[in-house]
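Take a look at this one chain, the form predicted on its own, written out in structure tokens.
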């Protein structure tokens, strides 16, 4: 391969992006702190939603980078760096998990020894569902994600200066190792933080359910960044509707995949009609939760499905950005559906408590992205696939 030739001049992202991010961060932080003072239990449940949401975006972005290397994809090379920047959010995870470790007894039924000893089901699950092993798993997962993120992004950034194509080969090998680790860790993350809120519930498909939402959310976050950067001239010249179409097609595909997994989980549980499985859905079909559950179908499937159905809609940057933001909202909506019925069984609970983590997380990601973009190129200028990526056509 020859060294790619292209036109790229680094352009600073406006400081107003950081200013907006700092404002959102401070507002979110104030709400979170006040929430933990007023109602630690309620805020801890919201913390789980925020924690699993940010994992979806940043760890899912790392998976996107790994798959790009493994597949040898060229269409994504011109904007892969946007996904790499999002992966730096992995280093924020310890800050978000500390409050949860401090309030673990408020959210997890299985953390109370007296309850476990009086319950045959929980006693049987105790070798896995116990605080020590739980904390070890969480820390180990974050350590694995950080390790792969550090090495893969370091190689990519070094390539900007050295143009050494062997770094691409190294990242391909690293990605081949990371992908199975990702499959296991993201599945067990969903089981540990979401499914174990109802430790009596059984579902053999829940890990895949969380994975599907994770991929959809990360693709949406990458799409928002790419469309914004390209529309404002921060990327290389030459990106066109075909690049947008590829992002739109992936979001459309995973919208259908999420719906397939969600319906499969429901269908299997409905058909088996086992009490230890059906109670989870019945609980979400009582009071105002019934309206919320019906809303999930429209918010997470119907709207993005028809919003991205046609070929022109996948190529239109405004439509693509709107649908990507909607999908991020839909994933948060979904996580609320998974988590909050355990806290508020009588009906949907929504107040100022629920606004804290969305504002905090968006603010953190905006500030982080801005700060990294000041120090690094927004395009992987040393990637040997870059020129072919710019010239990509369907």
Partner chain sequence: MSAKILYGYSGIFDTPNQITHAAEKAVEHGYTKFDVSTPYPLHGMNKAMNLKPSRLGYVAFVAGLSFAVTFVLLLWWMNAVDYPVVYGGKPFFSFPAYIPLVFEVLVLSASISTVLAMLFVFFKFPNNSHPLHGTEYMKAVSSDKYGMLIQADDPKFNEIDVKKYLESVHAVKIIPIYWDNDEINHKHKILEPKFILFLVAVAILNSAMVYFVYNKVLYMVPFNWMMDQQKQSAQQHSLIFSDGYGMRQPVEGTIARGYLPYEYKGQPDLAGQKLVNPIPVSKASLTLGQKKFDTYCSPCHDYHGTGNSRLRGQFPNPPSLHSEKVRTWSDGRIYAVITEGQNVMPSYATQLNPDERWAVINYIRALQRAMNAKESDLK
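Numbering follows the first chain given and starts at 1. Only a predicted model underlies this, so the values are computations on that prediction, with no experimental measurement involved.
Heads up, the form predicted together with its partner chain isn't pictured, but that's what we're talking about next.
Listed stretches are 133-141, 220-228, 270-278, 81-89; the contact stretch with its partner chain in the model of the complex is 270-278, by a heavy atom cutoff of 4.5 Å. At the 4.5 Å threshold, heavy atoms of residue 241 reach its partner chain in the model of the complex. Heavy atoms of residue 150 never reach within 4.5 Å of its partner chain in the model of the complex, leaving it off the interface. Among residues of the shown chain, residue 266 is one whose heavy atoms approach its partner chain to within 4.5 Å in the model of the complex. Within 4.5 Å of any heavy atom of its partner chain in the model of the complex lies no heavy atom of residue 128.
306 is the sole member of 298, 285, 306, 101 with a non-hydrogen atom within 4.5 Å of its partner chain in the model of the complex.
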